[in-house]
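This document starts with one chain, in the form predicted alone, laid out as structure tokens.
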């Protein structure tokens, strides 16, 4: 395959040499290599300003991240390379987990930028989040079929990231006969997740270790799970021994599946779902003088873009302060954020400020992040996005 070249401006190769995989449009020498000469998804040879080869990448002239490195040499993204990288990813996950329920491929961290694959036993949920991966969708599917031999592959190409890449948003079954709902096991607990509907890929494997953190705290306690989705925290807390769990979510279908998950585990009698806006529900619970021993606050990303930071940070302050108002003395708060643009120190400050405003003493007991099936690329800080603090909140 004869590739065109993409040349960088002087000194703009430093980040790539440090291990990063992204090239931004303002780093390209557009005098020598105008971005208009490339098609979205096209593979190119990346050169430093002096012509030195930096590797191969695929490009998208419509995106701020206009290129993503595939290799450090002249290897191209083809069936053989996809199979090799998928096999590498699989070896890691089989070392980490005894059962086939995990994030199989986590984009840049598995050297497959723009590709996300969640595994539910013999069913795969796939996101092609870049023009390069979307262009190669047939080869991606064939590689996954060869490595995993799944019964079905669902393309969950409905994320907002695809809009930024100039790609259509859609959901389709790419291989086999896919069920609407799949069963998984997490922390030893059977659970149901929507394969073709629901949020993202259908499940949030990234919170697995943070859900496990609750095991020692919940026996005999009353637990509130805010932004519950299909009950990941709530149902596991019930199985861990909580005396009552209350799940809050704005989606009726999500709560209905959470109820099914509770029934599946024999804890339906202690499970209660509340449909509604989380902020409004928490204010209503406060007005009714409800109190909980443990509260989980795991919202969707309030800060999706840098320009949303100020408003999103206020939302994190409001929701965690409302949660503290509902805690029993010496209660436990698990506060999480999946916003890449919110630093862990900022989330810690949210807890500190909420404690001060409520005249409470906050003690951080444990700190969590995404699970090991979402490995962090040390040169790409964007791959570490999930923050979680488990804190005791008591009277001063």
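Numbering follows the first chain given and starts at 1. Only a predicted model underlies this, so the values are computations on that prediction, with no experimental measurement involved.
Quick note: we don't show the form predicted in complex with S-adenosyl-L-homocysteine (SAH), though the next part is all about it.
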Under a 4.5 angstroms heavy atom criterion, identify the one residue in 122, 272, 71, 251 near S-adenosyl-L-homocysteine (SAH) in the predicted bound form. 251
So which of 130, 228, 320, 210 reaches within 4.5 angstroms of S-adenosyl-L-homocysteine (SAH) in the predicted bound form, heavy atom to heavy atom? 228
Mind checking whether each of 199, 278 and 300 has a heavy atom within 4.5 Å of S-adenosyl-L-homocysteine (SAH) in the predicted bound form? yes
Counting any heavy atom within 4.5 Å as contact, can you tell me which stretch out of 135-143, 292-300, 256-264, 84-92 lines S-adenosyl-L-homocysteine (SAH) in the predicted bound form? 292-300
Although the partner isn't part of this model, could you tell me whether residue 106 comes within 4.5 Å of S-adenosyl-L-homocysteine (SAH) in the predicted bound form, counting any heavy atom of the residue? no
Whether residue 204 contacts S-adenosyl-L-homocysteine (SAH) in the predicted bound form should be assessed with a 4.5 Å heavy atom distance threshold; does it? yes
Could you confirm whether residue 233 comes within 4.5 Å of S-adenosyl-L-homocysteine (SAH) in the predicted bound form, counting heavy atoms only? yes
